[in-house]
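Just one chain follows, in the form predicted alone, and it is written as structure tokens.
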């Protein structure tokens, strides 16, 4: 091996193969290795003119020998144990300052562990979030990098070359040490869950509340995609709803089982939000909705017992559709506000110094949640004296004042009709709780003090106090809740 490749890659599955072709196409020489040689051969056969920039390797040692030091190697295998196995193999062939890059959907806590474990070996580690799916990997993804800044500088030329571009600006950036990149990717996916769920809820209101067929619903989404809701998810929703099954002639969406899977990043978003003490209720509702979707047998049994919701949304359909558009906008704002608040809290917790405006910018192209909406988010967080929460940024205050009455009407009417809108409802509840200057947890504090003597604060004095409760308090459960 001649050691002239700019970078290496292990794992020629769909994502790894597409990423490799993208790197080769951008003029960078890449060494590739796959556990099964047959897949490597098949990959080369399909590489066409790009083959001249690809170095096939059939052992890990050959892969290391083919790369120019310090050697960066992308690991594109299933998250978890398989990554640790590849790291163990690479430790036997790599040298000081070489870089192992995990580009899978890893739990950021695993990334932090791996980063620390490699510190004493002379090797460095990058946790790299990649968004955009198969198409993004081949034609330009959004790339979120966490690790040492000097490691980023070694691979910056390659990664910025292959990243998606927004008005000429590459959607790739170094975001901080150790797990920063994978954490941002996790929250990206959490926001994606919420966005998709709210779109599905609005689709359900049109289908079940207004009796609209799939094609007409798709036309509405296509129209919305020309306005403030312009985004990849709205665009593909319109395309999905317009598609027909070639065998039956029915809309494809009408013959798909209503049971959605998940790979874990949505749950991780919820867990980390709870760990950080940051409410992410729209994301939580979206994750729960997927769990409930998997309980199809129970749902069908419950429908037989309680009856199917048959009520329609009353009023003028055109007015309802205008409200739905604004409701989706308001829900989207709340979900993004929650996601960015979680990232901000994690940044403080782990000392990452996450550049939130940069996060918004690198999501503007290539990734699944790309939308024109992100320009406004980047500007809001970059503004001098920027708000702690997106809901307090002046431009978003104006949007929410316009949109939240529609969200309120849609949630109320859906509830009356018996049509579930869990993510939209959670977004509204979050907004209402966030803007309520005096909430109701004063009563919760009184209850906790009554049964557990936990104490409370007063509005009119500093310090901790106990209430004048009767001796009945002694009969409560003294455990904290």
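Numbering follows the first chain given and starts at 1. All figures in this text were calculated on a predicted structure; none of them were measured in a lab.
The form predicted in complex with a small molecule is left out here; the points below concern that form.
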Could you confirm whether residue 85 comes within 4.5 Å of the small molecule in the predicted bound form, counting heavy atoms only?
yes
Whether residue 12 contacts the small molecule in the predicted bound form should be assessed with a 4.5 Å heavy atom distance threshold; does it?
yes
Taking heavy atoms and a 4.5 Å cut-off, does residue 105 contact the small molecule in the predicted bound form?
yes
Even though the partner isn't displayed, in the predicted bound form is residue 133 close enough to the small molecule, meaning a heavy atom within 4.5 Å?
yes
By the heavy atom within 4.5 Å rule, which residue out of 26, 448, 39, 413 makes contact with the small molecule in the predicted bound form?
39
Identify which of 95, 348, 78, 250 has a heavy atom within 4.5 Å of the small molecule in the predicted bound form; exactly one of them does.
78
Please identify, from 230 to 238, 350 to 358, 297 to 305, 125 to 133, the stretch that has a heavy atom within 4.5 Å of the small molecule in the predicted bound form.
125 to 133
